[in-house]
Ligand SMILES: Cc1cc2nc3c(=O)[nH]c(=O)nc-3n(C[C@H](O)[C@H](O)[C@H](O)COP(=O)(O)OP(=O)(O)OC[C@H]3O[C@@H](n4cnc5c(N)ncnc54)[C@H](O)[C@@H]3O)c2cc1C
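In structure tokens, the next block holds one chain alone, the form predicted alone.
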């Protein structure tokens, strides 16, 4: 069992990579274990026919000055761009509404939102396709068992998966009753994402549409509008549709093809050409958004054991970033 680590982090999403980079900069020996091959968690980008498509987090808004400092540097380097200041909305009764004049900028990564993981976690050691299965106290540290039968041991442990998965990992750990109850109170909304291509349709002039009180859809994004392209080349449309939590809960176990058909038909009510794409993919998100995050940015469960992620503090990308910083602070007491 690997045991020469100061801090082990489960999950290579925004929170986990942020925490790892902070601790590594302080001189700690850190390792991130990630169950999938990709990085970024729900800041996810899929490739299809040479295209990059964001099917998870769609953009970043910023209020925390520490994240703003990072974003300002990424803007200078061209790693991110301002996509829009707010997005228009639509509902059946009132039709289209323009975004508020003072809306916060929406930042995107032209190479795909998963690029944020590379920016935040540059230089961080990550073991991919290493699924954590259990956590246990181990002397003056913590051990994590992996699906392949191996394990990793460290002085401190930061858990950043969706909170229900963190609770599963902690099933064998004696937690305080109030800590276990607090973690159990965090609820997530599911969603579906439909990615659809329209090679014969010119790019729309809107960045996205927020749908209000729609029974099926919450969001339609002009995803191709985020990408760098040759101005002389024809620009075809790529849309990303997100389902409402109510719809996703009702149809979560239904065949994805049927869900995709229904969501595209719903999109055609708003964007008439959206119902007949040349191609489409459908993705199911079980933990799309924390609906009831805990108010604190992290939860210290025992000495050296911290739960973090977008289920704490503010949700979304910024909340995960802030939680990662707080997690690093919680385990960064002097090693000597």
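What you see is a predicted model, and the numbers here were worked out from it, not measured in a lab. Positions refer to the first chain, counted from 1.
This next part talks about the form predicted together with the named molecule, which is not shown.
Trainee: Just one of 197, 162, 207, 141 has a heavy atom within 4.5 angstroms of the named molecule in the predicted complex, so which one?
Mentor: Looking at the other structure, the residue within range turns out to be 162.
Trainee: Heavy atom within 4.5 Å of the named molecule in the predicted complex: which of 280, 70, 52, 42?
Mentor: Selected residue: 42.
Trainee: Looking at heavy atoms inside 4.5 Å, which stretch does the named molecule contact in the predicted complex, given the options 22-30, 307-315, 267-275, 292-300?
Mentor: Answer to the contact question: 307-315.
Trainee: Is it the case in the predicted complex that 35, 57 and 288 each bring at least one heavy atom within 4.5 Å of the named molecule?
Mentor: The answer is yes: all three residues contact the partner (heavy atom, 4.5 Å cut-off).
Trainee: Is residue 327 one of the residues lying within 4.5 Å of the named molecule in the predicted complex, judged by heavy atom distances?
Mentor: Contact with the named molecule, no.
Trainee: Give a yes or no for residue 169: in the predicted complex, does one of its heavy atoms lie within 4.5 Å of a heavy atom belonging to the named molecule?
Mentor: Judged by the heavy-atom cut-off of 4.5 Å, residue 169 is in contact with the named molecule in the predicted complex.
Trainee: Might residue 130 be said to contact the named molecule in the predicted complex, defining contact as any heavy atom within 4.5 Å?
Mentor: Because a heavy atom of residue 130 falls inside 4.5 Å of the named molecule in the predicted complex, the answer is yes.
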